[in-house]
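Okay, here we've got a single chain as structure tokens, the form predicted on its own, with questions on binding and movement later.
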């Protein structure tokens, strides 16, 4: 039995846990404000809010793509559709959308309302830039984004004096008309609604974020036994431990991107991971899940390869640690045995003076799969000699590739060395012709990305 609060109503259902929230909302609960369109988390028309009660008793809300969200993953949560914001008057977000003519056909508008409302509830800082980032997964075909951005700017201006942290902001947001008053009762109601613990039999499918699984095989998963790692608090942590950053296997991309630890030690990742996916996917997709997905071109994997990350793997046989560079055995095949999972990712903190850089070539600047991507970690010594160099690449082999740069250590970092490194990278690449480009084109791209790494780090003088 799955139990959660849908808007104001308590739901206890025996529906299969693999049924998506989109299907439950529209087909079972007959709430048509949540729209069905791409079913790939691409458009944002199906956006809902998911509120989960934390150990401190506060409810944390995140905007999520309901087309990729199984109802088993919202057990014990508060799910909000646009109908859950309805009342005698429009909410502040809805009023500002009307005032700034930010809706035309209206198909995308419910998702935009939910994304902006989620931003108000969860953003650490209510900035215009943050509001635009929160909307990055909401596509509109007819209104024009200028009017939507104008509404977002007006929203931030209206809430400019609200400086409470998200956990203490709910009362003020209700008073400002951002959310209905019943939201204030939700923490106490969820406290009485205990979610089932994460438990799985030997045949259960492990679901972290599900943002890839539920694109690839939703029909198969609806009838499968599922184990949701989001219910594993022991896997949800980010902490500094000596000279490494430890990231639990259930930590989402967005939690990782905005964590104080990452912002302090890896500040460039805040923007780099904006290119990974949209907010409605980053709020569910996990860092470990992106690695286990084993895409030859995963952005997170390519970044973590350059950062020399290690995978902590646990299962019935115990615990072991594997360098990410040795985690991939062949195309889509990893060093994960039956009943094993990636419980933790270990990332060494960067040595003083190290320079990191990420590059990605895709059809769209954001929210798109790369044709080729690459990350660099560079340390130089006195006189500009290379003392350590790690260079990763995606889209140029059957697995994410850590290039062989050993022969370049000790060489002086100059234009000749950079050119030789670019040529060596092109020679090591083994891409294939596919929809993203020919093999020859991808080799050329990789060489250009290598040159771009050094041009960018030299111009910025960036020591991360």
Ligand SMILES: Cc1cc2nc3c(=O)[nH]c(=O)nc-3n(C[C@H](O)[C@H](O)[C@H](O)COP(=O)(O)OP(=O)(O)OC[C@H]3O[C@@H](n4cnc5c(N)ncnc54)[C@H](O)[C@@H]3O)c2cc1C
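Numbering follows the first chain given and starts at 1. Every value quoted in this text rests on a predicted model; they were computed, and no experiment measured them.
Here the subject shifts to the form predicted in complex with the ligand, a form of this protein not shown in this document.
For the candidate set 230, 81, 91, 293, a heavy atom within 4.5 Å of the ligand in the model of the complex is found for exactly one residue, namely 293.
This chain lacks the partner; the member of 279, 285, 114, 393 within 4.5 angstroms of the ligand in the model of the complex by a non-hydrogen atom is 285. Residue heavy atoms within 4.5 Å of the ligand in the model of the complex occur in exactly one stretch of 383 to 391, 236 to 244, 82 to 90, 213 to 221, and that stretch is 213 to 221. In the model of the complex, residue 42 approaches the ligand with a heavy atom inside 4.5 Å. At least one heavy atom of residue 207 is located within 4.5 Å of the ligand in the model of the complex. Residue contact check for residue 63: none of its heavy atoms lie within 4.5 Å of the ligand in the model of the complex. In the model of the complex, none of the heavy atoms of residue 149 sits within 4.5 Å of a heavy atom of the ligand. Judged against the ligand in the model of the complex with a 4.5 angstroms heavy atom cut-off, the residues 68, 289 and 299 are in contact without exception.
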